[in-house]
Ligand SMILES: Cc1ncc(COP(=O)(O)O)c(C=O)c1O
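Consider the single chain below, provided in structure tokens and representing the form predicted on its own.
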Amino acid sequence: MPKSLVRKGLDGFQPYVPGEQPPDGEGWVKLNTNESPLPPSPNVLEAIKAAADDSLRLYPSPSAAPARNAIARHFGVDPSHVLVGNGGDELIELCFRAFAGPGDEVAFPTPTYPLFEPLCRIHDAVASRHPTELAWELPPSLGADPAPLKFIVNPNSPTGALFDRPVVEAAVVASSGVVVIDEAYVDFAPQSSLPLLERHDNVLLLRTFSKSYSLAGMRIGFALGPTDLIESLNAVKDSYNVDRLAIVAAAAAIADEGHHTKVVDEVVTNRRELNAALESMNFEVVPSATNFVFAKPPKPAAEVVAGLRERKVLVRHYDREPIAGWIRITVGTRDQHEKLFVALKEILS
């Protein structure tokens, strides 16, 4: 699009850049986008196969009702407290549509999920940043910020740190607007903010099937919250935002708690081993409550990342301050970790 036709508010716009996705089957060790090291539940695959029939000529349920009802049963809530979306990213964007108008401030601690910055530009909102001094401490200034919309990613990305629930609740209590707690990685953490929904009417929790349910390729997320906030999101969403196959996949996945537990246990075990190995190579590591590890290598991060890529190992490097010296490594399989360790030892030697 010619620059003269783009609205002025997007002059110099820098879009969110997702992690590199190399073609399948080319032998990459892919530890850059926090995907699951294990496949989805066999029940999910069977459900998708059964749903891939002539009914695909029909639109899906506008509310993704089968998935919405299954999620509601899992959490013991009424379906009116649940909204299903096309991944967590769509739900974040819906919060901008519903709760932040042009010129409104949107507050969040930094560093955090870099999608918030471009969404502020797209919606003509003003980013209100609250820098963290220690990765695991929520900035006290966040709660007092009068912004009508706030985001707390907990556990946080890219740091992997978990903010204590009492501190998060204090920020909620101090807030006059909506506080969105993005819990994309919470299944790998020792605690959730779920109890806050029973005590506060200005909280939304966002969850995803991408990580602990091994369904990143299906793009399914969901929000939990008070009926009025859920209805506000529902009012501004696209008509058919979740497709038929994703709906049945979500319903089957959340019903198979045994497989879900298997994925979480595998990740937590492998995370512990990855953390120990990195520390033995003189990496500085932030304690992680996620399916990745945030670490500072003993050599410049850009050099390490480039060396890994030459060896077909992908990790994530946010080349910006204050985290330019750090890399984010997804917890993978033991085989993937061994290839990572061999490559790192070559680079660091």
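Start at 1 and count along the sequence shown; that's the residue number. The structure displayed is predicted, hence computed values, not measured ones.
The discussion below concerns the form predicted together with this ligand, not included here.
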Candidate from Ala255, Ile92, Leu196, Ile122 lying within 4.5 Å of this ligand in the predicted complex - any heavy atom: Ile92
Heavy atom within 4.5 Å of this ligand in the predicted complex - the one residue of Pro118, Gly143, Pro226, Gly87 that qualifies: Gly87
Residue contact check: Ile220 to this ligand in the predicted complex, 4.5 Å heavy atom: yes
Residue contact check: Lys211 to this ligand in the predicted complex, 4.5 Å heavy atom: yes
4.5 Å heavy atom contact, Phe75 to this ligand in the predicted complex: no
4.5 Å heavy atom contact, Trp136 to this ligand in the predicted complex: no
Interface segment, criterion being heavy atoms within 4.5 Å of this ligand in the predicted complex, picked from 164-172, 75-83, 182-190, 123-131: 182-190
